[in-house]
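Only one chain is included here, represented as structure tokens and corresponding to the form predicted alone.
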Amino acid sequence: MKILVAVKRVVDFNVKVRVLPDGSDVDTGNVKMSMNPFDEIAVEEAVRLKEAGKASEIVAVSIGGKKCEDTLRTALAMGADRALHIETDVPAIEPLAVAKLLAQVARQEQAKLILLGKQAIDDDANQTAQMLAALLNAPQATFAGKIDIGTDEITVVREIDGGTETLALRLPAVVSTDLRLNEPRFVKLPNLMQAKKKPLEKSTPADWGADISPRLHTLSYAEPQPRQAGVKVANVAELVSALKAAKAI
């Protein structure tokens, strides 16, 4: 079984994101970048499935600028067999455009399982996996906390508001990963060096015949307003009065 894993290069989760003074974009100059944490979980799960003998090949794919190659090398160092970089200068690719490209790749690779992080920490859209499943007309399971592979189907325990839900999906299927699925392994330097020898194929969106032209126009970016200081009250009556004044009750 072949597994396709999508990975995205984002601002590292430890970095405090700042907006440019003119509000035109987020400041990414001299900022540490890394693989999206949820995508890292997806790669780890794919590698574990292969180590368990349930997958034959892992293909990592990323869409973006030249520096996305570093993210793909990390996926290769974790255990992916080969990588595909769809290079584009479009600064912020929308989820639908990403889903269209991934759908084309999935069809060509004939992947039985497509793993993605449930969302990227830069836009928090949580849309790509669902759109991809619709384009492929494939079953989907989002927010996966546990995955079991059978002969022709996959069982996924996913998190919902009321607890957990267990789904059985026929392959091929699309699954998005959540935090509780696993803990990604630490990538050692020798593995990073070996990853440079693994195949990394480059292409462009035009090669896949997908329209990635933006459908949304961002007017401006702004940092969240600072939180206002709290107010101490002497008793319950004052608390109720303050809540009424704030129209909270």
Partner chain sequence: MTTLVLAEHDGQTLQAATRNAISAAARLGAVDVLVAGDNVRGVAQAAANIAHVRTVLLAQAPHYAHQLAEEIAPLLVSLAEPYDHLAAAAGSFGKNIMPRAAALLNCPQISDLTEIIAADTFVRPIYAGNVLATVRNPGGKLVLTFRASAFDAAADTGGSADIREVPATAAQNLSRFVRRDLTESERPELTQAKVVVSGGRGLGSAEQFDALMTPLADTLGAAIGASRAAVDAGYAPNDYQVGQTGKIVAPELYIAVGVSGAIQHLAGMQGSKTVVAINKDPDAPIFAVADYGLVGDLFELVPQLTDALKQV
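What you see is a predicted model, and the numbers here were worked out from it, not measured in a lab. Positions refer to the first chain, counted from 1. Rigid core (definition): largest C-alpha set, two forms, superposition within 1.5 Å.
Form predicted in complex with its partner chain: not shown, discussed below.
- Among heavy atoms of G79, none comes within 4.5 Å of its partner chain in the predicted complex.
- Interface membership of P21, defined by any non-hydrogen atom within 4.5 Å of its partner chain in the predicted complex, is ruled out.
- Though the partner is left out of this view, V90 does not reach within 4.5 Å of its partner chain in the predicted complex, counting heavy atoms only.
- Although the partner is absent here, N191 lies well away from its partner chain in the predicted complex, with no heavy atom inside 4.5 Å.
- In summary, the region of this chain contacting its partner chain in the predicted complex, judged by heavy atoms within 4.5 Å and restricted to 67-75, 123-131, 82-90, 107-115, corresponds to 123-131.
- In the predicted complex, the residues of 1-28 lying within 4.5 Å of its partner chain by at least one heavy atom are, in order, V11, F13, N14, V15, K16, V17, V19, V26, T28.
- A displacement of 2 angstroms or greater separates the C-alpha positions of G230 between this form and the one not shown, with the rigid core held in common.
- L239 shows a C-alpha shift of 2 Å or greater between this form and the one not shown [criterion: core-superposed Cα displacement of 2 Å].
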